[in-house]
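Okay, here we've got a single chain as structure tokens, the form predicted on its own, with questions on binding and movement later.
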Amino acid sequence: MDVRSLRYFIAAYESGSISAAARRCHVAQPSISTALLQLEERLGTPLFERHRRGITPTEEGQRLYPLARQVSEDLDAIGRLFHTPSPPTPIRLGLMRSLGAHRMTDLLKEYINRGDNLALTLVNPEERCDARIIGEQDLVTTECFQPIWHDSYRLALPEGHPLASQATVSLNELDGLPFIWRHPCAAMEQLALALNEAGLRCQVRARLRTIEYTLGLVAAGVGASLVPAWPDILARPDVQCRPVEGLPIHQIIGVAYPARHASPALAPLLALGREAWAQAGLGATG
């Protein structure tokens, strides 16, 4: 039995789609489809049900999966037994604040999985590093930029706040509003500029650096704040998020890397950025 077909089967089973399995295995989709069909013909039974949203394993596929995993792990163990490990490739990655714990964890996990024996060190973006995940506005002339996410921002209000009963909030309604200010934050700088131009001023109750503490103070009723419209924030029951009328605050987050002599070990990270940007329907690389 073809070991490669079993590995493609595992990838398809765990990914839930042919396209995701192809990305994971770094091959074209037809290669995955052909290998699965050959495996099904060899075993004489369908392993997946195909549908619009992807694939679902049949009962036979569910029975095969643990056996296939065991075979794959045994082969990997044999390879490690007779393989002299090479030293890991060190990568220093600078991270700006407030990137979102869930999505950054997923991104870094996939980067490490795709990378070839990486030793990843996370540092502040102003420190010496091989690449930085930052807002596009902080890019310098010696760097290239691969977008990953497009973050829009909302006004976060405590549950039950009078302004939360409105679909939107006007800029004028922020005048004198108790506020939790975050710094550094490019979105906050955009808000400050809009308030200054309108001759308005919030009543700053606290100045913080992290979104997590900011949301805690908002939920506690200390004041409102400006936060990214991430799904986990919008789903919080103790915080209500509303757009500010006529103020489409947003920023693009991505990988900034040297225009010259970039580390080859960054290739999987840049590929992940392209995939995330494309999946969000945001067009080609900026």
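We call the rigid core whatever largest set of C-alpha positions still superposes within 1.5 Å between the two forms. From a predicted model like this one, the values you see are computed outputs, not experimental measurements. The first residue of the sequence shown is number 1, and the count goes up from there.
Just so you know, the form predicted together with another copy of the chain exists too; it's not on screen, but the next bit is about it.
Contact between residue 79 and another copy of the chain in the predicted bound form is found at the 4.5 Å heavy atom cutoff. A residue is said to contact a partner when one of its heavy atoms sits within 4.5 Å of a partner heavy atom; residue 60 meets this definition for another copy of the chain in the predicted bound form. Mapping the unseen interface onto this chain, residue 45 counts among the residues with a heavy atom inside 4.5 Å of another copy of the chain in the predicted bound form. Residue contact check for residue 101: none of its heavy atoms lie within 4.5 Å of another copy of the chain in the predicted bound form. Here the chain stands by itself, but in the predicted bound form one stretch of 23-31, 37-45, 249-257, 233-241, 37-45, has heavy atoms within 4.5 Å of another copy of the chain. Checked against another copy of the chain in the predicted bound form, the candidates 71, 192, 119, 206 yield a single residue with a heavy atom inside 4.5 Å, and that residue is 71. Residue in contact with another copy of the chain in the predicted bound form (any heavy atom within 4.5 Å), chosen from 198, 123, 108, 75: 75.
Annotated contacts: 148, 269 and 271 are all free of another copy of the chain in the predicted bound form [non-hydrogen atom within 4.5 angstroms].
Once the rigid core is overlaid between the shown form and the other one, residue 46 counts among the residues whose Cα shifts by 2 Å or more. Comparing the forms between the shown form and the other one, the C-alpha position of residue 75 differs by 2 angstroms or more, with the core used for superposition.
The two forms, fitted on the rigid core, differ between the shown form and the other one by less than 2 Å at the CA of residue 270.
Between residue 270 and residue 9, the Cα spacing is larger in the predicted bound form than in the shown form, differing by no less than 3 Å.
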